[in-house]
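Take a look at this one chain, the form predicted alone, written out in structure tokens.
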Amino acid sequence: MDESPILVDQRAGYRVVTLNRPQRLNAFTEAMHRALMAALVEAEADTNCRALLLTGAGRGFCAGQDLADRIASGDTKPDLGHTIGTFYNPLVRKLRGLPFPVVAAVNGVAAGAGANIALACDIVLAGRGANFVQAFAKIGLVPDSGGTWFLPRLVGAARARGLALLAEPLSAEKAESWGLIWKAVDDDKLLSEAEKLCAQFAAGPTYGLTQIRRALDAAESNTLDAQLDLERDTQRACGASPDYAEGVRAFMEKRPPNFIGRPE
């Protein structure tokens, strides 16, 4: 196995980014954080990249923070706020702000920050053998990496409190039935299903897809009036894009569209 903490595989129109510390269930260290952020920045700068697939090597997606790495530092009272502000928060913001859809393929455990980083992606697929654990309460911490924001919005207040306070594993199938993730799939089909989605996004109207993502994010805090105005303004911008014109032509001509994925 490659010793790099992050692997990047360039595909036609999208990139596969793999967390690569399988011996530690892909738990985060500072080096892994820096490598992942660099991979995301590089993907964002690549005009040919129109989707991103995030997954984990080995038998787990991500076990969150590597506590052994933290203990090895010898700091008995670490500034966890500094760690979150320096690494985790920028990572979540970057995932939410990328100019193309992000698909998470969750294989095995997604625990702590690992679970919430998956939830920061646009589409979450999970193998049926996977589970999600808000493990923070077990060590006296609060769900971070957006956990306290994502959970109640995805599964409701009662289930969010149960997941956060009890720190019990949630199976992939129950995560799907609760609305925490998009879909649970057979373990041996997880990557192929995620790759199909990314290929679909890579051939899609990327600018319009990005506007959908941003509008849905804005709806979390907007009033109805504000959201109606946002929809009007966003639709105006999308309607002026070449992808809209191409989509209409393709529909009328009964052929597949050839989207360029840019506003102009």
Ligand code: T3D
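Residue indices: 1-based, along the sequence shown. Quick caveat, the model's predicted, so the values are computed rather than measured.
Omitted here: the form predicted in complex with the ligand. The next part is about that form.
Engineer: Does Leu141 make contact with the ligand in the model of the complex, using a 4.5 Å heavy atom cut-off?
Structural biologist: Within the cut-off, so yes.
Engineer: Is Leu80 part of the interface with the ligand in the model of the complex - any heavy atom within 4.5 Å?
Structural biologist: Flag for Leu80 set to yes.
Engineer: At the 4.5 Å heavy atom threshold, is Lys196 in contact with the ligand in the model of the complex?
Structural biologist: Although the ligand is absent here, Lys196 would stay clear of it in the model of the complex, with no heavy atoms inside 4.5 Å.
Engineer: Should Gly56 be classed as touching the ligand in the model of the complex when contacts are defined as heavy atoms within 4.5 Å?
Structural biologist: Because no heavy atom of Gly56 falls inside 4.5 Å of the ligand in the model of the complex, the answer is no.
Engineer: Which listed residue (Ala184, Leu170, Leu180, Ala135) meets the criterion of a heavy atom within 4.5 Å of the ligand in the model of the complex?
Structural biologist: Checked against the cut-off, the match is Ala135.
Engineer: Using heavy atoms only and a 4.5 Å cut-off, determine which of Met32, Ala63, Leu40, Cys49 is in contact with the ligand in the model of the complex.
Structural biologist: By the 4.5 Å criterion, the partner-contacting residue is Ala63.
Engineer: To test your reading of this chain, name the stretch in 184-192, 96-104, 82-90, 158-166 whose heavy atoms come within 4.5 Å of the ligand in the model of the complex.
Structural biologist: Of the options given, it is 82-90.
Engineer: Give, in sequence order, every residue of 13-29 that has a heavy atom within 4.5 Å of the ligand in the model of the complex, or say none if there are no such residues.
Structural biologist: Result: Gln23, Arg24, Leu25, Ala27.
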